[in-house]
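Before any questions on how it binds or moves, here is one chain, the form predicted alone, in structure tokens.
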């Protein structure tokens, strides 16, 4: 049985699924991410039943608990040239898209199309009754903070998340990490994150496929040319070797590019791409070894507050698996943070904006850097498995937690991508998904203490770059929390800056 092939497309065996189960990943979505089953050309049509049956036997879960993973459009692998030939109204707001058939963030909830309710795959045991620190959000921010707190000697930590690991934005991004930013603070944070990511595999014992192929930013308008020139000067001042290139010089880096409409490019060979999922798993596994409790499928339902005027505090986190008394709460739930903060009577100005992304069938490796056309929001890179992974922002996208997938995105993306590399027109799109950008009024994060509740610490608002900033931000936040020493990061980027009329504007945003 151990060598039985359950997923022929991705060569996933029963023993690999068993290994995943032994690590505690026992729902279909987690098994899919951990093993890669269902991500090949058949898109899960051949292997889903085999894996589900194996999971049922190994976990002793009832059949109705083994729900299918979220189907990703298109229904069949479809060439980019097909999508590029379609039309769309550029002035029209995006539609809701193909809806998810059930909540991806939790296996609990009504399934109207199927007519039954899915029980939680994780046994409904009680969460710990008390912890010194409760971190809400089991994505890259929350888990990297938990890890860094253990580095400071803190073990009495509980991390809670309403879904499985990688269910949120941390499992839905393109994996790019860059030091090409528009402010000294983000440049510094990104440089430190790249240092930490380089050694992550060694420190955590898990391969994250770190590849330092660089970022190549392309500019079509004079406005964007001026922006990258200004940023490059700032980069050079802070030790980032960004160069401004002519279109011909940029084509020497990626010969396949047409450079149609491109006036100039910015190039930093030290930027990189990683595989996001193992980063989350690596942090989770290591913090659990150090005694931190990582409680998935756990929904925050409210807070108990105490203290008098001017000294209000969170005394207890109320969840659907019990209450946790605590000294400190860190809100690190990304674009979901405003919903949770509201339960404590705190207003966050963050707004979620859908960002769609897709992955292709694999090709022989040819693309070194991540390429982005800043004017349109297009970006794409090639994974170490050979897929072209890319996305494209949409300025007409309304705010809202909408994770549906649209034909409009595939059409816009295919047209923009094949404009620059026409040869990719024959490439088939295998799957498409969406994640939320966590957008603040100034495109900068919200960090530090909350004025109304001093023991509620904010850690959100990173737009689309939270993954690449998390290692460095968490390192500094853990030290700040443990030592009590001042750190300008948690004084400049506080929630109170918006009421005070202070903005920390960042404009080097893709999409």
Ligand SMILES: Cc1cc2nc3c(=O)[nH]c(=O)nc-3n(C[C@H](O)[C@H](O)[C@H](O)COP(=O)(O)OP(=O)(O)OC[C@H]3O[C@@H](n4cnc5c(N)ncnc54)[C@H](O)[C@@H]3O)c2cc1C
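Numbering follows the first chain given and starts at 1. Owing to the predicted nature of the structure, the values given are computational and were not obtained by experimental measurement.
Below, we refer to the form predicted together with the named molecule, which is not included among the displayed structures.
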Residue 466 within 4.5 Å of the named molecule in the predicted complex, heavy atoms: yes
The named molecule contact in the predicted complex: residue 340, any heavy atom under 4.5 Å: yes
is_contact(residue 355, the named molecule) in the predicted complex, heavy atom dist at most 4.5 Å: yes
Non-hydrogen atom contact residue 173 with the named molecule in the predicted complex at 4.5 angstroms: yes
Options 299 to 307, 283 to 291, 76 to 84, 249 to 257; stretch whose heavy atom lies within 4.5 Å of the named molecule in the predicted complex: 299 to 307
Neighbours of the named molecule in the predicted complex among 134 to 159 [non-hydrogen atom within 4.5 angstroms]: 136, 137, 138, 139, 140, 141, 142
